[in-house]
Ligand code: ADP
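Take a look at this single chain in C-alpha cells; it is the form predicted alone.
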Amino acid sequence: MQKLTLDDIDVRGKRVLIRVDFNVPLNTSEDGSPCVADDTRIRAALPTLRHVLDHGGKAILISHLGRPGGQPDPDLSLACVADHLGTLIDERVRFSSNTVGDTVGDVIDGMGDGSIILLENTRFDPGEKSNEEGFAKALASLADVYVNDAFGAAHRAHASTAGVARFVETAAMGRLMEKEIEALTRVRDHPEHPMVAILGGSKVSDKLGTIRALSTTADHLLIGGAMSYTFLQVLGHEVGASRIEADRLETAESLYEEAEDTLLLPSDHVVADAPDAEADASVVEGDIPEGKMGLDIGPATIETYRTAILDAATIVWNGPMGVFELEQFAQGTMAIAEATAEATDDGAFSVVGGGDSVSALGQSGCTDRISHVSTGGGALLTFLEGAPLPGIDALTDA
C-alpha cells in the first residue's frame, strides 16, 4: 500500500487533523468521575502525536468512543481521555466539547504551533457512522492535512476514517498505521514457513473470509473457541450444549472441505454445565456429552497446537481458545499465549490482534515477548482476508 506517510509532508504551521483510536475502556475514579482503565491504544498513538508537535504542527485529534447512537452521551465523553493524554505527553491537551463548527475552528485558530487539542466523540454526530458528506466536509474544514493513525477503525467507511480524506488536499498514514501495515503485510504476503494461524472466538461467520485466505498460505490453521463446535458438528461429532451457529453449518462444511489439509480442530475439551465461575469443569475426549458445554480446548489439543506453534517461523493469532476470563477455562488460551511467546523467543515472527486475544496476552504476562501486538481486531481480519480497508484506501497515493 503505497500511501503518503508523515515523512512525506511538512506539518510546520499546519493544522493536522489526526484520526486516532481512543476507543478505550473507562472506569470510575475514587471521586466518581470517569477515568481511563487501559491506555494501551492511547500510548500506541504517541509516536505520531510527538512527530506533529515536535515539527511545529497543530495536532487536532478526533476519535470515537463506544456506541452512543449518534447523539451525545456524557458517559462516553472523551474529556477524561484528554486529561489522561496530557499526563502521558507532559503537555497541555485542550478539549473541545464540540466536534465541528465555528467555535471549534476559532479555538484551533487561536492555538500556537506545536499545541494539541482533542475534539469530542465523533459518534455523537449521526453523520459519523453514515459517512455523511456534510459531517466529513466539516471535519476537513478544520485541517490543512489529514492523518489516519486509527488502524483499529480502518475497516469502517465512516466520516472520520474515510469520508474526510476526500475533502483535504493531503491525507497520510500515521506511525501506528505504518507499523501495522508493515507487520501484517509480512504475515499475509511474505510469510516465512512454516506458518501457523490460530483462530478462536465465538463465530465462524466473523472469520469466513480470513479462514479461506489463510488456508492458502498457512501450513496449519489451529481452530479453538466456540467456533470450533460448529465445525465439529458438521463433521458428525456430538457437541452437547456447546454454542454453534446453526445457520452456518453448510458454509462451515464447505469451508472445511476447502481447508481440510491445513485446518486442525480440538480433539478434547474442557466442559461444564455452564460458563460459570462455580461450575465443575472436566475433560472429555471426542464427543461432548448431552447437556455439557465445551468451554476450552483440552490438554491433548493444547499439546498438538503447542507443537505446531513451536515449529513455526510465522505465527498470527486472533481469538481465544475458550472462556479465558474464568480460571478453569483459561488454560488453553494461556498455553497458546505462552507457546507463541516461546516461539518468538526462538526467532519466529508473531502477530497477535483482537481485543480478547490482546487481553488474554496481557493476562498471561507474555505481551512484551510478541513481535507485533496489533491494535486491530476486525481490521486485522479484513487485512488478512485481502478485503478493502476504506480508512487506508482513502489516503493519498505516494
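In this text the structure is predicted, and so the values were computed from the model without any measurement. Numbers follow the displayed sequence, beginning with 1.
There is also a form predicted together with the named molecule; it is not shown, and the following applies to it.
Would you kindly say which of 226, 221, 239, 117 lies with a heavy atom within 4.5 Å of the named molecule in the predicted complex?
In short, 226.
If the cut-off is 4.5 angstroms on heavy atoms, which of these, 324, 231, 135, 305, is the one near the named molecule in the predicted complex?
Looking at the other structure, the residue within range turns out to be 324.
Only one of these stretches, 141 to 149, 202 to 210, 85 to 93, 183 to 191, has heavy atoms within 4.5 Å of the named molecule in the predicted complex; which one is it?
That would be 202 to 210.
Taking heavy atoms and a 4.5 Å cut-off, does residue 68 contact the named molecule in the predicted complex?
Looking in the predicted complex, residue contacts with the named molecule do not include residue 68, since no heavy atom lies within 4.5 Å.
In the predicted complex, is there a heavy atom of the named molecule that lies within 4.5 Å of any heavy atom of residue 356, even though the partner is absent here?
Contact with the named molecule, yes.
Verify the contact flag for residue 295: yes if a non-hydrogen atom of it lies within 4.5 Å of a non-hydrogen atom of the named molecule in the predicted complex, no if not.
Residue 295: yes, in contact with the named molecule in the predicted complex.
Does at least one non-hydrogen atom of residue 319 fall within 4.5 angstroms of the named molecule in the predicted complex?
Heavy-atom contact with the named molecule at 4.5 Å: present for residue 319.
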